[in-house]
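In structure tokens, the next block holds one chain alone, the form predicted on its own.
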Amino acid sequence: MNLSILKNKTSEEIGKHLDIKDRVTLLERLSTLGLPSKKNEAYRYFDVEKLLEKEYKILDNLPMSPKPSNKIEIKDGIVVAAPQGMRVYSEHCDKIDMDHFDPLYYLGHLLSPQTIKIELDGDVEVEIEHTFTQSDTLIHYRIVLYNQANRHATVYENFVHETIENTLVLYGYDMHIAQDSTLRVVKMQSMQHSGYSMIASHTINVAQNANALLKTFDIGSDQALQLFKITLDTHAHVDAGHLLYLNANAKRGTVSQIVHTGEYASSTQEAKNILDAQSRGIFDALIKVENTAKYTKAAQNSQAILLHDGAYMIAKPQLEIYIDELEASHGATIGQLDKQQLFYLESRGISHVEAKKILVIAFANTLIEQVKDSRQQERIKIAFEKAFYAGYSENSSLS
């Protein structure tokens, strides 16, 4: 399949190409938004057209009975293992966000009418591991996730891959965070010449008095974009943190909209970006406060360190406000490592490369330490160091 064939098509034409005879509302929404290109605000800094123009084979995502495991294992879009007693099954999605800004959110739902549904019971911790094994393939799937009211659950999300090439992964979550609950999501994705690109389009609904804690750690090279639409009800809160460490010719980052709809909702969003070699980092984030969201509190900040002259950071923190009764702030800074600190470390016998690593990790640690699980912290630090040294070995002109 070549997805670019859907460009500038009517809903009827898109349905014919995708062999979909119903789901008219989704087809119309995709047709209205159009296939993404650099003209779309969300994809302005990401080479989405090159990915959509490639030829991909399509897999038959037929559900199977998962084997017992201590984690949820999703292989090429199919659940192959899950903890015993956990409700993980295939089901049609009955709550689709018809106000999402991303056209690929709707394409994902059209391609994957049967979603992976995960119901978290009680105060649980679960690991979700995604594995990709197919080359020249469009791997597409959607995950619908629910937690329980008055409960506190944690999801650790990791990605692994075999030796593949020229694959596009199109996936995402529809998360529904129940009233008076907390859902903590920690995503760690290390891609170093992984052979696949990823577009992950999510929607997160945070109910009244609920808390969403979202921490994403994106490390290495390649191309990947995560897009979030987060909607906050009355007294709802989201704490979002994004750590980006890129090398080689990576193009990766976050595009988000946090929408305050209820009174006394609050949000904090922090991005820390470390860019090496010829990489491009993206933080294009909007906080939108509706006229129903009195007494909102919102704070947004992006910081970036450039380790190489060829690195480039796009930082666009934005506020869109339709009410007066609120507290809101946003900002962005871009700089380099402190030369005096580097000199001090080197004067103590530490090599230039190791001195850089120490300062970079110190910059990143404020986000890494927010992950409460020490095992997950260690996993992030190991991936960080591995990518750091890989980037250094590939870029002998590192300064």
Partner chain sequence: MSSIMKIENLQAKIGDKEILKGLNLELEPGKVHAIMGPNGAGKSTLSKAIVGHYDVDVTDGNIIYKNQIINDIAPEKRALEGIFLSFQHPVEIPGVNNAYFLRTALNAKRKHEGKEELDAAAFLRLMKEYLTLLDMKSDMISRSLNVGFSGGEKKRNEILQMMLLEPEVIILDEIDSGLDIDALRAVSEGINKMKDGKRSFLVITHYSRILDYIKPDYIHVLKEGKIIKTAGPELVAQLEEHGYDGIEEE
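Numbering follows the first chain given and starts at 1. Worth saying up front: this structure is predicted, and the values here are computed from it rather than measured.
We do not show the form predicted in complex with its partner chain, though everything after this point is about it.
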Would you say all of 341, 351 and 357 touch its partner chain in the predicted bound form, counting a heavy atom within 4.5 Å as a touch?
-> yes
According to a 4.5 angstroms non-hydrogen atom cut-off, is residue 62 in contact with its partner chain in the predicted bound form?
-> no
Distance check, residue 333 to its partner chain in the predicted bound form, heavy atom within 4.5 Å = no
Even though its partner chain is not shown here, does residue 371 get within 4.5 Å of it in the predicted bound form, heavy atoms only?
-> no
Is there a heavy atom of residue 347 lying 4.5 Å or less from a heavy atom of its partner chain in the predicted bound form?
-> yes
Only one of 54 to 62, 41 to 49, 333 to 341, 23 to 31 gets a heavy atom within 4.5 Å of its partner chain in the predicted bound form; which is it?
-> 333 to 341
Heavy atom within 4.5 Å of its partner chain in the predicted bound form: which residues of 362 to 389 qualify?
-> 362, 365
